[in-house]
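Here we start with a single chain on its own, the form predicted on its own, put down as structure tokens.
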Amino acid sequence: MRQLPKRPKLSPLLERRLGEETLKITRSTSPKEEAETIYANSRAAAWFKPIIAALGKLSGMGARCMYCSGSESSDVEHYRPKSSFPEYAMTWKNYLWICTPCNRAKLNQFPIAADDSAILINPLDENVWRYFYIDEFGNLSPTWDVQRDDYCLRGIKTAEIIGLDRQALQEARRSRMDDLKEKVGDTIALVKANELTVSAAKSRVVKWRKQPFQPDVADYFLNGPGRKEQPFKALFSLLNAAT
């Protein structure tokens, strides 16, 4: 998971079309069946393609999965499953763009807390770094909830449901983290030795942020809370001091 751009508004034409399809579902005597049929037909229709394109753009370079960040996205995910919430089957704010393994893991799971709030984290509309951090081994781990005096429940449940601790993902995060730390260390040394300009070093940071390989690592350490950890803290202190 990573911090994604803010979800944009769709065109009035698309919003109207989604609203019309939603109305058909809510007025149906069998909303669940109607939702399945309408969504399946819409997903294959030309008018739905701009929605896929918008989701792909939000995913960034390589269209990495909005949940695991490790695989290329291919599936429209209904954050609130259409089997349980058919009224949201044709709602833009209910759509995510994820990979098939994450989609198969989630299926129709959508746990609700005692106060009726959603437990599953929405990676497109929430700040994921409130619930997760990347530890020294490259693991995506739940943050500590002071009020619960325990690890963050939403982080725990989201990781369990989606399978964010899959071995391949953990290994990829560790590899990207180690590689990024090495590159940052080299960049710091070159700047201090006057063998690399500050401008060139900043260009490197921009490049690292855009790389699609396990982008959650770059987001955490270059944009998020990980900026305060070494050697990233030293890098940004060096770059900021030169401006």
Partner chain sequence: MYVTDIHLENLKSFKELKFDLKRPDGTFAGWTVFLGGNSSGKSTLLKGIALALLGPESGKQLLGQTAGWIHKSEKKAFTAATLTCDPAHDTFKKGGKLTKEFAAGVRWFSEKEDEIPQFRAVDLRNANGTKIQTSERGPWNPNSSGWFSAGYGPMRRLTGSSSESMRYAVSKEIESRFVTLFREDAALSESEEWLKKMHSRVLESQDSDQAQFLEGVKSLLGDGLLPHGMTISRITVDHVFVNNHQGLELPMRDISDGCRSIYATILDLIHGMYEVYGVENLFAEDAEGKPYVTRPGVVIIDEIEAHLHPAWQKEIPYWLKSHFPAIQFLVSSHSPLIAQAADPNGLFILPLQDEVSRKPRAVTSEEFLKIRFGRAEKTLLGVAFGLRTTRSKWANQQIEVWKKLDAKKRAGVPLKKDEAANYKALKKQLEFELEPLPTL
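These figures come from a predicted structure and were not determined experimentally. Positions refer to the first chain, counted from 1.
One more form of this protein should be noted, the form predicted together with its partner chain, which is absent from this view; the next part is about it.
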Next on the checklist: If the cut-off is 4.5 angstroms on heavy atoms, which of these, W92, Y151, F85, F110, is the one near its partner chain in the predicted bound form?
Outcome noted: Y151
Checklist entry - Which of these residues, E195, E33, D186, D178, gets a heavy atom within 4.5 Å of its partner chain in the predicted bound form? => result D178
Next on the checklist: in the predicted bound form, does R174 come within 4.5 Å of its partner chain, counting heavy atoms only?
Outcome noted: yes
Checklist entry - Even though its partner chain is not shown here, does Y79 get within 4.5 Å of it in the predicted bound form, heavy atoms only? => result no
Next on the checklist: Contact with its partner chain in the predicted bound form for D75, defined as at least one heavy atom pair within 4.5 Å: yes or no?
Outcome noted: no
Next on the checklist: Can you tell me whether R166 touches its partner chain? I mean in the predicted bound form, with a 4.5 angstroms heavy atom cut-off.
Outcome noted: yes
Next on the checklist: Under the 4.5 Å heavy atom criterion, name the residues of 25-52 that approach its partner chain in the predicted bound form, in sequence order.
Outcome noted: none
